[in-house]
Each structure stands twice: as C-alpha cells, then as structure tokens.
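Only one chain is included here, represented as structure tokens and corresponding to the form predicted on its own.
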Amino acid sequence: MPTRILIPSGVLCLGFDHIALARGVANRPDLIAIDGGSTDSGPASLGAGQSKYARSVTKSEWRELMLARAEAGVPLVIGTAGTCGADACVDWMYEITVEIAAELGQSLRIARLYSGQPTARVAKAMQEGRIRRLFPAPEISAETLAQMTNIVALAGAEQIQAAINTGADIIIAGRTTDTAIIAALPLLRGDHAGGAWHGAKVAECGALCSTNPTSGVIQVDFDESGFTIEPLAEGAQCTPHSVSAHMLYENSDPFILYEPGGHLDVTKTRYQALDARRVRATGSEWVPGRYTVKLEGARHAGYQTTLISVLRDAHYVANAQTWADKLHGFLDALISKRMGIASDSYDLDFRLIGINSALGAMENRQGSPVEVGVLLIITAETQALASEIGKLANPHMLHYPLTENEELPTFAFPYSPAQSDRGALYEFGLNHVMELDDPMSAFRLEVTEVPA
C-alpha cells in the first residue's frame, strides 16, 4: 500500500490553494508536511533566533493546517520552524500551536524536535576530527564557535521518524533538510529509499514542480519502486520536464543530492507521464554513506545604519559611480578628522540602485537609468557609532558636488528622516558537516500532551 504525503505549500506563510488543500485531505493522506523556512533570506533569522514571517500570517495558515490534520486524522509536520529552526523558533511555533488548539478545542500530542547545538558539543566534535568543511566555508576554532549566537544541525529522516514514533499529532521540528519531513514516513514504512528521497526533493517546494507554481498543494504517493506526484490545484500539471528539472533547484549537481546518511543518485531515473497531471518516477538510487549532519551558525557582525538619496540630474546619473567613489573618500577623511575614528572601525558600502545594488562590484551589465538611488550602508561596532557616522554623512548625501567648480547640487531623500538604524548585523560562520555515531545524539525530542 503506497504512502501518501500531502504538501500544502513550499513554506508556511507562502499561501496555498484552499480548495486544493481540501481535495488533498479528501484523498486520505498518511501525513501532512510543510517546510517552515530556510537560509534563503540570509543569516539574520538564525543570528537573532527569530522568524522573518509575521506571527499573524503564521497563525492563520497553521490554523488551517491544524484543521486539515484533524479532519484527515494524520500527523502534521513542520520542519525548520520559524524560518531558521533555532530552538527559540521551535518554542515560538509551539506557543502558536497551543494557542490555536485552545481556540479550536483540540487535544493534541505535540512533539518538539530541537536542532540547536551547544558550542561545547561542536567544539568537542572538532577536536575529535568529526567536523569537515564544505565549500565555501571559513576556518573555525573554539573562539569562533563561541561567537555564534545560534548553531543548528540539519535533521534528517531518522530524527523525524523518532518524532513520528512518539505517536504525535503535530511535530514541530527545528532545522531539518527540506526533504526529511517528506521522506521520513515512506522510509519508515519500507518504501523504496531512492524513490522516497527523490520524491521528497521534488515535492519540497510544493507546486514549484508543476505548471502552476503558486498553487502550492502537491500530493506524492511513494511505493516499493518509486513515486507518483500530482498537483491538486485545478489546471495545474506535473510533467516529466517540470519534475526532473527540480533536481536543479538549490542543488549544485542535477543528479546527486546529499542527505544525512548518504546521497540520492537520479542518474538512472526514468520519468513517465501517467496522464496530463501525474508523473511517475522510478530508478532513483539511495547510496548509504557516513552519517553526517550539516551545521549552520550565525554570529554578530556589528550594527548598521543606512541612508538613501536619489540622483536625477543627468550629469550625476551618468557619473554616479564616480560621484559615489569621491564621496566615499571624502567621508573617510571627514570621519577621521572630525570623529578621530580609524577606517578599520567602520565600513562604508555605497550601492547604486539601478546600477549595482544587487551585486555591487561584481555587476557586469550596464543600462541607462533616468535616476539612480544611492544606498549607503554603514557598519560599525556599535549602533551609536553607526548612527553618528550616518548623521555626519547625511548632508553630503544630499548636496555633495561632483566637481569643485560647479554649483552645489541638491538631490532627493525619499523619506525623512533619511537615516535608518537597522540594529544588529549577523553573518554566517559555519558551513560544515558533523559526523554522528547515533543520529539522535545531537538532537533533543520533547513530547507534550495538550488537553482540549
């Protein structure tokens, strides 16, 4: 008997087709799984241990999924809770779940899987030679590990299976691989290992593997030889092309996908269109290997203040980079003279919106904008210092001339005050794997009975 997994969306708070979700519930799934986040938005969520998504939206969508779970009578699993999967985010998601349960009158068994890693555990693993760098990755030491505000390990199928085995109605997992929450039950029930991991990879982002990516809802049937995948929104279709192409998504190799305990190889996979909507895949291979979990860590990297001005004069637009470079040098000299601050105590980063705001110095394309927005990002050791430098830069962002013998220009501030203090800045400090003898040795599982 196949194992049917219902995936409402690629991530909680992205939205989903409500009619398609109801259709999926009516199809009697064995488990409902949804991702809670990733590193896509950078290190801030992990560094601060906070979700990037609004609590109100999280609660609204989670409420609907809790109702769907109750109707289907199956477990509901969320991985990488609260965007980053830090322990604080697992607790945040748990609080929301308990709140909704009280409002709906639901009695629940809730399993919480914590992925947070104490610094001492990682340091010990490093001393024992159980830490290996990925590419790219910084060098790490006991000192740099101590600087991390949060370290998480990406749980695999085994940790999710341990949570399933508690009989939990709802599983709130910390950082997991995107595939683990989908592959865990098929693997636990003895379905084809290669098909379980491959189907999970294809379905991880919901309907992104279909012709209607924003519809969200996907259903995957796993069995003894492969998987069959189907989008549930009206008009959405999966094709051999859309399904096979998803191995390219967020993956450096179109045929190999590494997971805890081995890797997936789809070199010999065959894709068959069963009809206009469904695709079947067979021939995927799971290759066992050392049991390693990926580590992610973020650390504090200073504080930031930003200013934005807009250049519209054609002369300045045409020479925006020259103007920014001259202003950079002028401000460095002024900061040294007026504030007595060495240049290694702060950083000024000018980004020209419409020219190089996304890639900075790596930009290799050119265009002819009507106006150029100038974003100045100031980074310093304290917010007070970043803010003070911003106030020094403010009048020059509005009036600094390109040459000495021209009239004083006036640019535009799009809002007042022009300065924004952004607060703490975080950066990633870990991109490593840690070898484990026991998959649960780096994870913590707690089960709570929540009465109606």
Partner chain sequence: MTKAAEIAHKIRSKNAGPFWVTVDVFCGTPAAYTRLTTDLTTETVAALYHQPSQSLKRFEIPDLHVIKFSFPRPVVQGNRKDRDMHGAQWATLLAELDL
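Residue numbers count along the first chain shown, from 1. What you see is a predicted model, and the numbers here were worked out from it, not measured in a lab.
Only in words, not in the display: the form predicted in complex with the partner chain, which the text now covers.
The closest heavy atom approach of residue 128 to the partner chain in the model of the complex falls outside 4.5 Å. When contacts are judged by a 4.5 Å heavy atom cut-off, residue 251 counts as touching the partner chain in the model of the complex.
Proximity of residue 112 to the partner chain in the model of the complex falls outside the 4.5 Å heavy atom cutoff. Contact between residue 39 and the partner chain in the model of the complex is found at the 4.5 Å heavy atom cutoff. Annotated contact segment (heavy atom within 4.5 Å of the partner chain in the model of the complex): 237-245, selected among 309-317, 237-245, 116-124, 155-163.
Of the residues 276, 333, 102, 359, just one reaches the partner chain in the model of the complex with a heavy atom at 4.5 Å or closer; this is 359. The listed set 382, 368, 364, 107 contains one residue whose heavy atoms approach the partner chain in the model of the complex to within 4.5 Å, identified as 364. Annotation for 290-312: the only interface residue with the partner chain in the model of the complex is 304 [heavy atom within 4.5 Å].
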